[in-house]
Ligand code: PBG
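Next comes just one chain, in structure tokens: the form predicted on its own.
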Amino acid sequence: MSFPQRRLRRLRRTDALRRLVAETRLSPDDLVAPLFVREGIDEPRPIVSLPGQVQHTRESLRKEVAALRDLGVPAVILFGIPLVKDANGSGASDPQGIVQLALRDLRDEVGDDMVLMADLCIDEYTDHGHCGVVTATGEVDNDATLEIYAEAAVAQADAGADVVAPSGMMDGQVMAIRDALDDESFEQVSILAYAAKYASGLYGPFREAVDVTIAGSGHRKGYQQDYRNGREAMEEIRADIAEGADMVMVKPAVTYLDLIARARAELDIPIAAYHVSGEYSMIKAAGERGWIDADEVALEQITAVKRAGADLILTYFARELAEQLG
């Protein structure tokens, strides 16, 4: 007896057939490696909750980025951990701040062979852990924060960033950054907006990586997306595009595949997705216990993110996947 589905099964019979008809093909070209660089250390420090990831020194960062280049990964995004934090996150815009120094190092190391992205937020640099300056009552001051973001964008561009990536979910952040960059003759620098960034429970390992503890409420639900809502995420994305974003991001990735697909169906500009620290660490932890094949699951999840419509994927698996994909 012949069933219509037999046609589909025939095309799954061998690995060669499966590769021949595969709809989605993941390659190193799709990947962006998030990397941490810490001020004032002499050797890389492992991040316990992010197995395989470290807080880099400037020198170890140079070596890692060169290795990623040689593996075919086209881009990295930098996060800095300063020696001193303050209320206004001044290290984010300091020309001698750790990310600005690292950007100059990497520009010397890899030239234009890689896209250098810089996360543009101040939570790693503030002593209260919020993404903006806070008032006496503990509320984030949106408009005062925009001025700091603008200064940080110019500092990152001057240091050699190809792309600045505002992640604080402040209203008007893209417009403020675009205006500041253009005013300082950095029209060529692109903006990747964290447009739909959810107040997720999956960021814990990242916060260990950047030594962040959120003061007051202990969360950012007042300015990041509510995980119960999708339509308002599309409004945030449209607003960032209207303000001048060159690319937009959905974060986290696997938990919000529906948002990636919705954005892809509506938009023609590049869409990024961030496979975040918790998504990575869950795979690593289960793999270490022998419950899953971590390499296989990582490949499956990141391929699913691309299948949903992402053009570029920020993932801590970037190096491993590049080695696996050849």
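Since the structure is predicted, the reported quantities are computational estimates derived from the model, not experimental observations. Start at 1 with the first residue shown and count on from there.
The form predicted in complex with the named molecule is left out here; the points below concern that form.
Within 4.5 Å of the named molecule in the predicted bound form, a heavy atom is found for every one of F206, R220 and Y274.
Out of the listed residues L202, V248, M170, A157, L202 is the one that sits within 4.5 Å of the named molecule in the predicted bound form by at least one heavy atom.
In the predicted bound form, the named molecule stays beyond 4.5 Å of every heavy atom belonging to E236. With a 4.5 Å cutoff on heavy atoms, A161 does not count as touching the named molecule in the predicted bound form; it lies far away. Contact annotation: F79 falls within 4.5 Å of the named molecule in the predicted bound form, judged by heavy atom distances. For Q225, no non-hydrogen atom is located within 4.5 Å of the named molecule in the predicted bound form, even though that partner is not displayed.
Of the candidate stretches 40-48, 293-301, 275-283, 258-266, only 275-283 contains residues with a heavy atom within 4.5 Å of the named molecule in the predicted bound form. Contacts to the named molecule in the predicted bound form (heavy atom within 4.5 Å) from stretch 294-326: Y316 only.
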